[in-house]
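As C-alpha cells, one chain now follows by itself in the form predicted alone.
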Amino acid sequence: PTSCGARGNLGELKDYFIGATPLQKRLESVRKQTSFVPTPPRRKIPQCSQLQEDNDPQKVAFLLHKQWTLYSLTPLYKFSYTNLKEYASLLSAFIAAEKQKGLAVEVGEDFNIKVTFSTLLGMKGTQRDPEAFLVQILSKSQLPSENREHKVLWTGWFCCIFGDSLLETVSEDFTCVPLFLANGAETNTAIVGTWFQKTFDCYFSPLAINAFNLSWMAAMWTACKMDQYMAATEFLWSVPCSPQSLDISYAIHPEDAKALWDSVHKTPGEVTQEEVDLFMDCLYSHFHRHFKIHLSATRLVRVSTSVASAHTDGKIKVSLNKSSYVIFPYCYIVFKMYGICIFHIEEAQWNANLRQ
C-alpha cells in the first residue's frame, strides 16, 4: 500500500482551534446546532482508587507492551474460581491431546507444556464485577527443577469491568467475563477457545473496533496527562481504490494533540460524543488545509498514542512504562477501551433480541 504522511505543529494547530478563525466559527456553529438535539452519548471517566490498592503490579506489568487481540465472550456456565487448579490440569490434557492429533492422554500426565490459571486482583471496576483471571501456556524446561524456567508460549485474560448492566441479566449459574484478550499463536487461541466452549457452554466472537470507536479511543487516550510523552499521536486512514489501496498516515506531536483536546473538552469527569466529533473535525480540517484531502471520506483504521494503540482488526497494545502506570494505572486505560467494547456488546445483544 502507498502511504503519505503529515505532521502538525503547535503553532499551526493553535491557529485552527484558538481564536476567531474560520474553523473556530464552524465549531461554534456545530455547538449551536447540536444544542437543539438530544444530549449526545456521554461516558464517565472511571475512578481507579480501588484498583490502585488491590492490583498486583508484577502481573499488571506483564500485560504491558504486548499486542492483544480482542474477543467478546458469552457468560461461562458453572465456572468456579475455587477450581482454577483443576481447570489448569484439564486444559493441559486437552492441549496435549490436540497436539497429538487426538491421541488419548491422561489428566495429570507429565507433558512438555504447563497451563496455569490465576486471578488478576483489582482488574475490576466495581465490587460486583467478577474477578479477572489469567490463563497461560508455558513450555517446560528440561533442566532440573531448581533451575527450571518456564517460557510463556501464550497468554489470555478474561475480565468484566463496569459490567453492571450485563450482570443484571445473568443468573447465578453463570460468570460474566465478556471481554477476552489473547496474546500468542492463533492456533493456541483456537484450542483454548474450544476447551472453554466445551467446558462452560460459552461462545467466543472476534471483536473488531470500528472507526467510531477508534475516534473515542484517540480522544480518551489523548486526554490522559502523561509525565513524559514517548511517541507521537498517529492516525492511519485507508482509502479504498484500484488497483491498490492507499494508506494515509497523520502524526501529531502529543503535546499539540493534548492542547487540541483541552480546547474542545468542556465536561470534567466525562467525555461526550460532541467533544469527540469536534476533536476529529479539527484534525480533518487541519489536514485538508495542507493537503486538500477530505479525511472524513476515508476510513480510520488505526490510532496510536503514548498511552496505547488500537487497530480496526481488534488488536490493542498498551504502551505505558512501569513508572507511568504507577501514577496513571494501566487498568484506567483498559477501562476506557473496555467501556467502548462493552457498549457494542450490549448493542449486539439488543439487536439480537429485536430479531427474535
Partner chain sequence: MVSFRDAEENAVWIRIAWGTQYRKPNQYKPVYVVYYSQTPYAFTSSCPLRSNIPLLGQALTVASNHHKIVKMDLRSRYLDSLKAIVFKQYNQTFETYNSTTPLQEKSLELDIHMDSRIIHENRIEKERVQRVTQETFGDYSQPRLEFAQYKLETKFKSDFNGDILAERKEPLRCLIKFSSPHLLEALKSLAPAGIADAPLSPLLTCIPNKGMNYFKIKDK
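Numbering follows the first chain given and starts at 1. Being a predicted model, the structure only gives us computed values, none of them experimental.
Keep in mind the form predicted in complex with the partner chain is missing from the figure; the text below concerns it.
Only one segment in the set 174-182, 190-198, 131-139, 257-265 has any non-hydrogen atom within 4.5 angstroms of the partner chain in the predicted complex, and it is 257-265.
In the predicted complex, no heavy atom of Ser319 sits within 4.5 Å of the partner chain. In the predicted complex, the partner chain lies farther than 4.5 Å from every heavy atom of Met230.
When contacts are judged by a 4.5 Å heavy atom cut-off, Ala223 does not count as touching the partner chain in the predicted complex. Using a 4.5 angstroms threshold between heavy atoms, Trp68 stays clear of the partner chain in the predicted complex. A heavy atom within 4.5 Å of the partner chain in the predicted complex is found for one listed residue only; from Ile252, Leu120, Leu76, Met217, this is Ile252. Among the residues Ser245, Ser205, Gln100, Thr126, the one placing a heavy atom within 4.5 Å of the partner chain in the predicted complex is Ser245. Scanning 285-308 for heavy atoms within 4.5 Å of the partner chain in the predicted complex gives Ser285, His286, Phe287, His288, Arg289, His290, Phe291, Lys292, Ile293, His294, Ala297, Thr298 in sequence order.
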